[in-house]
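Only one chain is given next, in structure tokens, and it is the form predicted on its own.
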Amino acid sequence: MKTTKQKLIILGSGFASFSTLKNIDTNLYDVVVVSPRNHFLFTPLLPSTTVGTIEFRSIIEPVRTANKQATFYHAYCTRIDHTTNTITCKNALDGNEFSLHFDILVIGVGAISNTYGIPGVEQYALPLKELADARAIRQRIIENFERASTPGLPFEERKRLLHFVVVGGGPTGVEFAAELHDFLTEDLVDSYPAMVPDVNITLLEAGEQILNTFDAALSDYTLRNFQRQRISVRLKSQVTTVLEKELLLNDGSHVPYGLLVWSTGNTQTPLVQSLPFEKDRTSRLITDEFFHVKGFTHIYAYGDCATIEGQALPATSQVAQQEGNYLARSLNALAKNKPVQPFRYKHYGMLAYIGSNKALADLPQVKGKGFSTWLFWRSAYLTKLVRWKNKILVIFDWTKAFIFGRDASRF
């Protein structure tokens, strides 16, 4: 007698959800994925796309081709009803609503940029979480140079347009500042030679050091490297208000800007915030070591929207990928009535690019920096890309940028 497969719904298409989708056995489950993004994005290389070092489509993989036996809906999940085991969804393109029933639900919707309620951030700052964000930043950079080249433009306005400010001294903010520096010194200096001397890059960090999750010596090395690259780093600088053309800091100073990139950490999506499940002080869903949402055995949560009770794992792609792989193995085992062990995270280290063909490697046994570490940084991320197509495209992009330079066209 043929048994009916349980319906497994996965919310999201980030590292955790995508890893589960790639490894789940569709002979055991009827798998459905719901996400407003119809592709997986390799976020560690996202800063490189903002200046054209890597092209946008080189670091994405369509969700529909990741597991052809699964069903995909391009939609937002807006409500979860645990009493009836149904979710309400809204199509990401036309807003049409529909409902789906589940036997097992996996919540992996990720997180969004945290504005900390600072006035003006949502209106005037650009986040760096999605490909659309990277494209908007890339467009703004070129637009500002074109606007700054207008004859008769006042000098102060030109300086403002060419002042690029990054808020947040974590890996994303640091890597974007580094990529922008390379773009200026290697490519824009040829396209806009008269304007590059007026360009300023400023990195604002509210804490006492940048890259505070890295070894202190590596953080100090980055600070010295940025000083040599003429990237201004202002520590203990908290933004209080963002206006259309300037921002205000906690020391009362005003900082004019032409582009403001906001990279200060995460907060939870409206869906997660609306859920009645138990959460921590940052509104992440609390789970056990098997990723069960507290009080439920058929609802799971992982990635940036959840936290294991009693553990403090960083919100990184490395963690999310391991969680996604683990849950796929666990669900496959449970469907075969096999025992499941609790999740155990294995830390392999952290990498960051800091400009001028230099990178950092904060590994359990080695603390590396400089050119050789940059080669390691590239090779490590190359091996982590999901498909051979992406690996080849990224190699091609790196080679193209090295030989011909990055493209400075506006389109």
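In case it trips you up, residue 1 is the first one in the sequence shown, and so on. It should be emphasised that the depicted structure is a prediction, and the values quoted were computed from it without experimental measurement.
Keep in mind that the form predicted together with another copy of the chain is missing from the display, and what follows is about it.
- Comparing 273 to 281, 204 to 212, 128 to 136, 226 to 234 against another copy of the chain in the predicted complex, the single stretch with non-hydrogen atoms within 4.5 angstroms of it is 128 to 136.
- Contact check at 4.5 Å (heavy atoms) against another copy of the chain in the predicted complex: none of E244, L259 and K358 pass.
- Contact between S372 and another copy of the chain in the predicted complex is not found at the 4.5 Å heavy atom cutoff.
- Contact check for A328: every heavy atom lies farther than 4.5 Å from another copy of the chain in the predicted complex.
- Although the partner is absent here, R147 lies within 4.5 Å of another copy of the chain in the predicted complex, judged by heavy atoms.
- Taking the partner from the other structure, another copy of the chain in the predicted complex has no heavy atom within 4.5 Å of any heavy atom of F402.
- Put simply, of N96, Q123, T297, T240 only one has a heavy atom within 4.5 Å of another copy of the chain in the predicted complex, and it is N96.
- When you look in the predicted complex, the only residue of D103, D220, E143, D81 with a non-hydrogen atom within 4.5 Å of another copy of the chain is E143.
- Shown here without another copy of the chain, the chain has N38, H39 in 18 to 39 lying with a heavy atom within 4.5 Å of that partner in the predicted complex.
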